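As structure tokens, one chain now follows by itself in the form predicted on its own.
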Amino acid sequence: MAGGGENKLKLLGMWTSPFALRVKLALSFKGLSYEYVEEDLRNKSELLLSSNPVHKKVPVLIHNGKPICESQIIVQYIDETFPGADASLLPSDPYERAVARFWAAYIDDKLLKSWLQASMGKTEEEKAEALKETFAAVANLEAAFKECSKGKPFFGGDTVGYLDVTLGGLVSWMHAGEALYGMRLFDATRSPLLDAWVDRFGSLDAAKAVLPDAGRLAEYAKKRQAEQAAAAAAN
């Protein structure tokens, strides 16, 4: 695997973070070896704080001592820095590359934001409104998959691409969210293309090597919710 020798890669992450998972997926599909450092976000390491002094968040990729922050930027950096690795994630065509970047931003800014609000809103009205926004985002992303895939299995066509990795970081959380809240983000009626994509992507060896168990994620979420409820009650 590439990534050794003069190309030393170290990833600072947290096992539950969909953003860190996004980077792990990119490294996995590119066939790159790296050192992984699990961070405790309640007791952040000096390495994390010095590597990402602005946001103080994971993930951070350190390449030959130089830190790169923010998951989408990191994935693009990996693809551009290691063009000869196993897979090319970003399209070679400039227009298609711009389209992929647009939808990647949409996943974080619209889909993920409203989906989290639908699960964690303070009132039922907030949750209902967020759910409406989530399903609108799903409909747009379903159309984007149809456009980008051109009838093939992945956003990247015959092989996994940038958008597959971007959305792929959420796959385990999709299953965990369904177990926790009974809400399926993609389904065969509302978004059949994306519903099939979830299973197809999750069955790939490079994805299975990285994605955490959904049941373990659900237990983690329950524990965090209980801790937050206890802290709120104490105040």
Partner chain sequence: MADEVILLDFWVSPFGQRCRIALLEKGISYEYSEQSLAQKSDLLLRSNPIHKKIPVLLHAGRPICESLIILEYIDETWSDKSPLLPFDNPYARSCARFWADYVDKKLFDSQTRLWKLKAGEADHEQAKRDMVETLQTLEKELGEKDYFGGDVFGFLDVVIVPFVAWFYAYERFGGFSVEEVCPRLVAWAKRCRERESVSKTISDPEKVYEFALYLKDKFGAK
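On a predicted model such as this, the values are computed, not experimentally measured, just so you know. Numbering follows the first chain given and starts at 1.
Beyond what is shown, the protein has a form predicted in complex with its partner chain; the following relates to that form.
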Exercise. Decide yes or no: are 117, 122 and 134 jointly within 4.5 Å of its partner chain in the predicted bound form, with each residue judged by its heavy atoms?
Key: no
Quiz item: Of the residues 179, 69, 193, 37, which one places a heavy atom within 4.5 Å of its partner chain in the predicted bound form?
Solution: 69
Exercise. Heavy atoms, 4.5 Å, its partner chain in the predicted bound form: which of 25-33, 199-207, 49-57, 183-191 makes the cut? Say which one.
Key: 49-57
Practice problem: Would you check, heavy atoms only and a 4.5 Å threshold, whether residue 94 touches its partner chain in the predicted bound form? | Solution: yes
Quiz item: Would residue 73 sit within 4.5 Å of its partner chain in the predicted bound form, counting heavy atoms only?
Solution: yes
Self-check item: is_contact(residue 154, its partner chain) in the predicted bound form, heavy atom dist at most 4.5 Å
Solution: no
Quiz prompt | is_contact(residue 80, its partner chain) in the predicted bound form, heavy atom dist at most 4.5 Å | solution = yes
